[in-house]
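One chain is shown next in structure tokens, namely the form predicted alone.
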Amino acid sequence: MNTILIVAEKEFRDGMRNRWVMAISICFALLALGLAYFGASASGIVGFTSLSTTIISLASLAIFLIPLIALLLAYDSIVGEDEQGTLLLLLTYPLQRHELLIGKFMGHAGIMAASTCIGFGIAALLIAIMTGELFDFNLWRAFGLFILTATLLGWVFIAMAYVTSVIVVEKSRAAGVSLLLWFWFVLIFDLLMLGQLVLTKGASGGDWLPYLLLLNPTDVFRLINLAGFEAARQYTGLAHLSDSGALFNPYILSFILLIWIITPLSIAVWRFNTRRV
């Protein structure tokens, strides 16, 4: 365990040195503040809106940004070391392959967690002060859940990036596969589900469609953060699916996000142990 923590600390320090934490934090803070201020501009209103409105907007837009940042952060973790010739050197140290990979994952996960908490946390504090909701416990709890699940979503795609990084043998291919993963989970999957409903005019999929959404971590993230708001239930076509059964509650859905982290990370560890360097 000490070896894993040493690798994680080294990876986190590299991220700090490369300004990853600062860059991602600023990006998240500007996204949240921009949505809070200009989110109602379509109705002719400009100014800070409530935290609840901001959460609804962020939950819909963060799924485009968080997976992309996570994939960019970690897609070259192993294959990049291999191309530079440093992977063979690292494997000569007294550590197991799984310790190296898990340590690097923990370092990147720490970068993602710190950036998400700092960026969205500062934005939430400023919005709460501007809207007079600083002492509204329920909204802070909802925003805390958003930050937690946003962090978990980032970890999901970091784990996927590690699978890509241990399978491919060139960094350029890892970048291409990561981009395909982003397109599939963020865009194509939901388009296919929507197309199926349009073609069948909603006649099929009513029973199994909600459970099919669990196969996409971005949809799980949206279900967690939209289902608790009445406005989201009225104006989105996704949040009402949370009423489909006891499975769809924030705690169980958060556990499903954890499964989405553990599964690809386990695959990455297995593949790295069998990889020839």
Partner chain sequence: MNKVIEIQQVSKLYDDFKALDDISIDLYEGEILGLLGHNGAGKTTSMKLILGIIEASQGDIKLFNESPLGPQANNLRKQLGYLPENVSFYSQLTGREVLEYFCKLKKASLKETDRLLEQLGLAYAADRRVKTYSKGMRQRLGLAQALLGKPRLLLLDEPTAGLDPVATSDFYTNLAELRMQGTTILISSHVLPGIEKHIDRAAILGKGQLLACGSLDELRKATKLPLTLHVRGEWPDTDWQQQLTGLDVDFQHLNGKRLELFAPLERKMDIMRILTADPSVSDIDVISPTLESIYNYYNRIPS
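Residue numbers count along the first chain shown, from 1. Every value quoted in this text rests on a predicted model; they were computed, and no experiment measured them.
The following text describes the form predicted together with its partner chain, which does not appear among the structures shown.
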Counting only non-hydrogen atoms and a 4.5 angstroms cut-off, does residue 81 reach its partner chain in the predicted complex? yes
Its partner chain contact in the predicted complex: residue 183, any heavy atom under 4.5 Å: no
Heavy atom to heavy atom, is residue 263 within 4.5 Å of its partner chain in the predicted complex? no
Against its partner chain in the predicted complex, would residue 172 count as a contact residue? Criterion: heavy atoms within 4.5 Å. no
Could you tell me which of 138-146, 110-118, 94-102, 151-159 sits within 4.5 Å of its partner chain in the predicted complex, going by non-hydrogen atoms? 94-102
Could you spot which one of 128, 106, 90, 193 gets a heavy atom to within 4.5 Å of its partner chain in the predicted complex? 90
Are there residues in 4-33 with a heavy atom within 4.5 Å of its partner chain in the predicted complex, and which are they, in order? 6, 7, 9, 10, 13, 14, 17, 18
